[in-house]
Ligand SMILES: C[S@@+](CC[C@H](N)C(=O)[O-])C[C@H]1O[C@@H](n2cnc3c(N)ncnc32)[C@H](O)[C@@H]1O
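Taking the form predicted on its own, here's one chain by itself in C-alpha cells.
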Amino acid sequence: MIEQFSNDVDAGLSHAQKQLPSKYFYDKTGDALFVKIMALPEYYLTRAEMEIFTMQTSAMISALSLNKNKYFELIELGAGDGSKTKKLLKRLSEQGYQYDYLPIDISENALEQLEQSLTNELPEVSVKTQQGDYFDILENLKVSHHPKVVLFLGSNIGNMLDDEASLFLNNLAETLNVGDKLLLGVDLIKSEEEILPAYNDSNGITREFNLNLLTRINRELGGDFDITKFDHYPHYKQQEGIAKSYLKSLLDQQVTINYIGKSYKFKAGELIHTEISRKYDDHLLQHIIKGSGFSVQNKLVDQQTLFADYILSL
C-alpha cells in the first residue's frame, strides 16, 4: 500500500499539471472529515439521496425486481458509513428477503465502524465486509452465481472522467451475470450557485478535507508540506458539468518527500488537481453505459430533482 501511495504521489507531482488521486483522501482523519461534510447544510448530495432511500424504499425494492424466495448478494462499492444503505437493509429484513450484505471499501477503518454500527442497529442483517480494491474483490465474488445487486452511491461515479466511467462500468459488467442489477447514484447537472457551495462550505470542512491529503503525505511518506502555504480551490461551470477541486500553492516553494527521495517545486498560484465530480443527465448516463451491457430500468429522484438513483440491469 505504501509503495503504491508513494508511486502515485511521485507520478502526480511530476506531471505538468500536478495531481493527486482522490482515493488517498480517505485515511482515518479523511473518513471523519467526510462524515462531517455529508452533514453540512451546503452538501445537498447526501440529503437528497438519503431522501430517496428513506421515502422511496419500497419503490426501490420493487424496481430492483427482487424475489423474496431467492437468496441474493447485496454488494456496495465504497460503503463508507452505510447511513443510506441502512434504510434499504432495514426494509429488506422487515419484508423477509434473503440476502447477505457485502460492503466493499478501501478503508479498513470505515468497514470496522460500519460493521460495528450494523451489529448495534440491525443485528439481524448478515454482514460480510470486504476490504480492498473493488474489482479484485468482485472477481473473487464472481465464482458465486447467486443474483447480485450492486450499489454504487453518493455520485462516486462522478469522480471519474467520462471515458474512465465507461471503462469502469464495462469492467463491472464483466464481473456480473445476466440479470444482475446496479443501483447507481448520480448528482444531476445544476447551476454554479447550487453546486459550488457544496465544495466550498462556510465552515471550511471541505478545505480541511482537501488539505488533509498533504498532511497524510507528510505523515506516511515523510513529506515537509507546510499546510499554511496551500489553499483549497474549487471550480465549476454548468456548461461543462464537472466540479473540480484543487490545492493551490500560495507562493513559490519547494517540498521534499523523504520516502520518495525527491523534491518538487511549486510556483505561486500553481494548482494540484485532487478531484472531479461529474454531474449527469439522462443523455450523459446513456453515453457512459453504451456498450457495457447495462440498460436503464428505472430512475428515482428526490423531490427537488437534485439527485438521481438509476437502476440498471444486465
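Numbering starts at 1 and follows the sequence shown. These numbers were taken from a predicted model, which means no experiment stands behind them.
There is another form of the same protein, the form predicted in complex with the named molecule; it is not shown, and what comes next is about it.
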- Any of the heavy atoms of K181 lying within 4.5 Å of the named molecule in the predicted complex? no
- Does the named molecule get within 4.5 angstroms of any non-hydrogen atom of K299 in the predicted complex? no
- Message: Contact with the named molecule in the predicted complex for A79, defined as at least one heavy atom pair within 4.5 Å: yes or no?
- Response: yes
- Quick one: does F266 come within 4.5 Å of the named molecule in the predicted complex, counting heavy atoms only? no
- Could you tell me if all three of F34, I106 and D133 have a heavy atom no more than 4.5 Å from the named molecule in the predicted complex? yes
- Message: Just to confirm the contact call: exactly one of 282 to 290, 61 to 69, 34 to 42, 242 to 250 touches the named molecule in the predicted complex at a 4.5 Å heavy atom cutoff, so which is it?
- Response: 34 to 42
- Task: Select from the listed residues G154, G223, P197, P147 the one whose heavy atoms reach within 4.5 Å of the named molecule in the predicted complex.
- Result: G154
- Task: Can you tell me which bits of 40 to 73 touch the named molecule in the predicted complex, meaning any heavy atom within 4.5 Å?
- Result: E49
